[in-house]
Structures are given as structure tokens and as C-alpha cells.
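One chain comes next, on its own, written out as C-alpha cells in the form predicted on its own.
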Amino acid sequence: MVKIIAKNISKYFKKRNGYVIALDDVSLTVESGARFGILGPSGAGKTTFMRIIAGLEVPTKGELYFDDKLVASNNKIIVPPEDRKIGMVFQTWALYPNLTAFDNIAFPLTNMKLSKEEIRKRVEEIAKILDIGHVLDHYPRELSGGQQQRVALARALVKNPSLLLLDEPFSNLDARMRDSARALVKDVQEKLGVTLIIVSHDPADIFSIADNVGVLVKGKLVQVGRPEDVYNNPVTIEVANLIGEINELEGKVTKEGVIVGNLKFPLDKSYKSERVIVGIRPEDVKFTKDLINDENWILVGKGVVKVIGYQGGMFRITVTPLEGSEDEEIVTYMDHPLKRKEEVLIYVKKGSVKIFET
């Protein structure tokens, strides 16, 4: 296990007519033995940050520590990648097609020039943990996607690393297999005690594995916290969208509340901006034809059913305000359908409305 400390790390890439800032003054601490997620859109700097931790990139500015040991600083690699005790799993898994699963897993140990007996012992131990002992003599083309992913994970763990880095590790798996793969990674991490950092654009990866998450947007670390805290209290609408689905409405601040068409949302404090973004999670919305006698739900107005969809055993209902732009839409999920174009009452859960200044 190792503690990772990043201090004011920036990374610039040269371009023909200047520089591109991939990371901008990122400071972060990942505690020893922790499971930490890095979430962000494409191009946010997630993989660049992971490559700096791995030693595959050098920070243009700033310092990187493993525990109290400086490993990189201001365009200098102080501790090379091979000496950082890191295991990495890439999005593509990068298995050698001409090697068996056993030889793929053993590859880093062979480079370390360990004895054949020690190599076999370590490979069989990690294969038992990952339940792939029965496919060690198979080639990658003979393995399922899930088995290939386990082989890649085994290859990363067989060196007994202090730090495991996962870069979009489940992207090549179908939706059905991702849940079991996430559970496997978490179980293995808990068993081995290794510090784990996972980079992903998928919030499901973060919620399933990470105890804490850092959100990168355009190279800046904009929020750090427990996944559920970031979900419930995002600092911007962009972060809100990254961590989960959210309804996004343009509103006007008045003394009575935030007005969106004929809808009126409650205010919990004053705002400097007159124009704001109202954010509401789908689970914090109810559409009904009858009044709700529950103080935890607030009636904000009426709407018209626009679209009825179906996914995951639930009906996805889209409603527009009775008055105002049809571009303003509110979505929730229900266990029964509504009729298109019928009027409904729109309720929101008390304390759930998020207001973002523009």
C-alpha cells in the first residue's frame, strides 16, 4: 500500500502554435489502501494524470510523492516507472495474442528474472484469486471478454504492487458483465489491500468501486469527495451531469422562487444572478394526476406528457411545462405509463432542487 500525494501538478503539451494545458495545478491526496476514482469527460486530463502517477509522463510543474518519497518534480522523473511498484490495467487490456494466459500473466515476472518455480507459484496464486486457473493454457482468442479482463488484472497484480491503476477497465465489457467485473475488482482490492485508483467517465464505475472521487474538468480538479456527496451536492451543473442523470432547466430568480414557464421552484438562499440553472435528479421528481398529501413533496406546477419510453423495467416519462418553451423537459421513471399529451401535476422532493448560477 502507498499514499499518493500530488502537489500543484500541471502538464502542458507542445503544439505547433503554442501549448495545450492537459492538467492545471492539480493537488490531491489518495490515502494508503484507499479506493479512489477520477471522473471526467473525454479530454479532461484523467489519463494524463494517471500516466504521471505511473511514470509514463512527467509533470511540467509540480511534485508527486509516493508516501514521503518524491518520485517526479518539474519536468524530472526521479523514480522511474519500473521502481514504483505499480500494476496497470488499460482499456484495451493489451494481452499478447501469441502467449497463453499463463505466459501473459507471467510476463512481468519473467522480465524480473524470477525462477520458474517462483513464477509458477505467483501465477497460480493470483489465478486462484481471480478464478481463472482453468484457462491458464488458453490463448486470448479462446477467452471470453470477462476472462481476458481477469487475465489483464492478474498480470497487473502478480507483481504484488503497492498501487493498482485502472484506466477505463470495463469499457470493452457488455453491460451484463460490468457489474460482476466491478464487484471482482473491489473484492480483490479488499483482499490484497493495494491502493487503487480508477479512471472512468462512467459514474457507475465510481459508485461501485471508489470510496472517494475527484472530478476533472478541462484539466482542473473541481471537486473531491465521497461519490454520494458529489452526486447530491455538485459544485456545477457540469459536475452534476458527469456524476449522474439530471434534469436541467433555465430559470429566472424572483422573490417567490425560480420560475421556469409556469413552474415555480423553491429557493433556499439568495443568488447574485437573475438567470440560473435548475437541476433535479429524475428520482426527485413525481408526475401525477392527483394531489399528493405529503410534506416531503412540493408541487411546482403542471406539465404535459411529451414522450413515453421504456428501459430497465421502468417507464421513462418526459414532461414539458404547461407554459413556456417545449425545449424545457423534465424526466422521471415510473412503474406505469402515462398517456401522451395528458396534463399532470409536477412534484419535486423537498430539499432536492439544485440551483446553479450562470
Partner chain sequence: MRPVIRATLHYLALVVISAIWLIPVYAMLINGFKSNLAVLSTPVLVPPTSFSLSAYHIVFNALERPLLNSLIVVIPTALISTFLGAMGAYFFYTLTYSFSKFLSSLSDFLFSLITLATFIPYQATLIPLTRLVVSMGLLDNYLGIMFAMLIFYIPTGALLMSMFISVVPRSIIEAAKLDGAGDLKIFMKLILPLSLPGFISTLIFIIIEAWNNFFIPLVLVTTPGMRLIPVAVESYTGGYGTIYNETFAAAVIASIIPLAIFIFLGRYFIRGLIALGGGGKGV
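Residue numbers count along the first chain shown, from 1. No experiment lies behind these values; they were computed from the predicted model shown.
What follows is about the form predicted in complex with its partner chain, which we do not show.
Checking Ile280, Val276, Ile86, Ala127 for any heavy atom within 4.5 Å of its partner chain in the model of the complex turns up a single hit: Ile86. Comment: its partner chain is not present in this chain, but in the model of the complex one of Thr110, Asn74, Thr254, Ser144 has a heavy atom within 4.5 Å of it, namely Thr110.
Taking the partner from elsewhere, no residue among His201, Leu263 and Val285 has a non-hydrogen atom within 4.5 angstroms of its partner chain in the model of the complex.
In the model of the complex, at least one heavy atom of Arg155 sits within 4.5 Å of its partner chain. Using a 4.5 Å cutoff between non-hydrogen atoms, Pro81 counts as a contact of its partner chain in the model of the complex. In the model of the complex, Ser180 stays away from its partner chain, with no heavy atom inside 4.5 Å. A residue is said to contact a partner when one of its heavy atoms sits within 4.5 Å of a partner heavy atom; Gly301 fails this definition for its partner chain in the model of the complex, lying far away. For its partner chain in the model of the complex, the listed stretch (289 to 297, 49 to 57, 306 to 314, 325 to 333) containing residues with heavy atoms inside 4.5 Å is 49 to 57. Residues of 326 to 358 placing a heavy atom within 4.5 Å of its partner chain in the model of the complex: none.
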